[in-house]
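One chain is shown next in structure tokens, namely the form predicted on its own.
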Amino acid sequence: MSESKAIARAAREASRVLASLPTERKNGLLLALADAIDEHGQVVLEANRLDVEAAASGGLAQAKLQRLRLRESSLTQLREGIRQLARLPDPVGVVTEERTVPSGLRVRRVRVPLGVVCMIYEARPAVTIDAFALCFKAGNACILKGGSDAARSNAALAQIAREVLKRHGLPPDAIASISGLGRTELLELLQLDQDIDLVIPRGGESLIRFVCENSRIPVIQHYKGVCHIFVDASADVEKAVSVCVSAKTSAPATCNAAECVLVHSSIAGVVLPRLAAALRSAGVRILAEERAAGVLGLSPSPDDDIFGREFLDKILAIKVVDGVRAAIDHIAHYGSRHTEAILSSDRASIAAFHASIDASCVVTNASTRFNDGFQLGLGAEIGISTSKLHAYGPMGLEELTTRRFEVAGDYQVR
């Protein structure tokens, strides 16, 4: 048996154990995991230091190095996320519908685990623990294919989880970390639809397209986060500038960072100079189409060079539009169904925006950066889905389960 098949088969066996675990036992393990990360934090940070040094020597871009780097604060956030997850309701076994049908059968729909979740991701080592903790609480085993840039960090974190599982009498194969798996083995893994129930790729567009094109297993898609903010005519100018700058600069390499700001033409002369000054002060490079460039005294950039792009850096596209309909049309053409925001006090504009925008999260008078599991009250998330089956938006615990029918009768026949 190949390595890929052995890993998938072991995960399937482990998932059968996890599916019926009582909530108290799952929560106990999660709390122990948080404590273990605290206890072994220096081991993780040392592994991460080696990863960062190797990646920097290899020329990894600065924004990606920031995603790769772990700090004491990163581990603190990781531990708190696990403890929050332990406090969240267990979705497994929740009855979502119940009825008695004419035949006398009692029919109900109940949440059950998916089974085995395979996650493929790039240089974000904290995902290793986030993904395991979420999958475990929802009764799933997980196979985690992290990027080679974070191989040491991922291995150190996964080993902590495996040791905690062993101490609690649970199968360590509930988590498999396979950062070193080559392309041939990965292609084989993506064919194992008998043992793996869902694949979640999380990274650049090329990675996600590769997985979607080569997988026989259902895939949750999130190609890119091309997020827009539309500053309507009625927006509070000072607050709008603050939101736009923060949405770009607070974490420019994340998928929910703003990549394009659309400004209503009636207030462009007021908003754009203030916005440009604030962006430049924050070190952001501005790319403007013809009308916006005219207001700002810049050379215009071709539309194909600036729109529909996920910069993942301190770069922001700016465009002047003639109202909410023009903003909606632009987003329909260039958006990625991730997050779209409107800054406005006009109820008609807000209603039109919400009714017409196709995105996993539509935001009014706030930053696109709020499309995040913690920020939306889900606890940790395993990713953000921009496809609509079977989840749309941040994937928390409920999205890592499915619903089945459970039927009880009194020896009826059809």
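All figures in this text were calculated on a predicted structure; none of them were measured in a lab. Numbering starts at 1 and follows the sequence shown.
We do not show the form predicted together with another copy of the chain, though everything after this point is about it.
Colleague: In the predicted bound form, is there a heavy atom of another copy of the chain that lies within 4.5 Å of any heavy atom of residue 367, even though the partner is absent here?
Modeller: It does: once another copy of the chain is placed as it appears in the predicted bound form, residue 367 has a heavy atom within 4.5 Å of it.
Colleague: Should residue 377 be classed as touching another copy of the chain in the predicted bound form when contacts are defined as heavy atoms within 4.5 Å?
Modeller: Taking the distances in the predicted bound form, the answer for residue 377 is yes, it comes within 4.5 Å of another copy of the chain.
Colleague: Just to confirm, residue 357 within 4.5 Å of another copy of the chain in the predicted bound form by heavy atoms?
Modeller: Contact check for residue 357: yes, within 4.5 Å of another copy of the chain in the predicted bound form.
Colleague: Quick one: does residue 105 come within 4.5 Å of another copy of the chain in the predicted bound form, counting heavy atoms only?
Modeller: Yes, residue 105 sits close enough to another copy of the chain in the predicted bound form that at least one of its heavy atoms falls within 4.5 Å.
Colleague: Please pick out the stretch from 62-70, 359-367, 44-52, 30-38 that is in contact with another copy of the chain in the predicted bound form, where contact means heavy atoms within 4.5 Å.
Modeller: After filtering at 4.5 Å, what remains is 359-367.
Colleague: If the criterion is a non-hydrogen atom within 4.5 angstroms, does every one of 167, 173 and 188 touch another copy of the chain in the predicted bound form?
Modeller: No: no residue has a heavy atom within 4.5 Å of the partner.
Colleague: Taking another copy of the chain as it sits in the predicted bound form, which residues of 15-54 have a non-hydrogen atom within 4.5 Å of it? Please list them.
Modeller: Heavy-atom contacts within 4.5 Å come from 16, 20.
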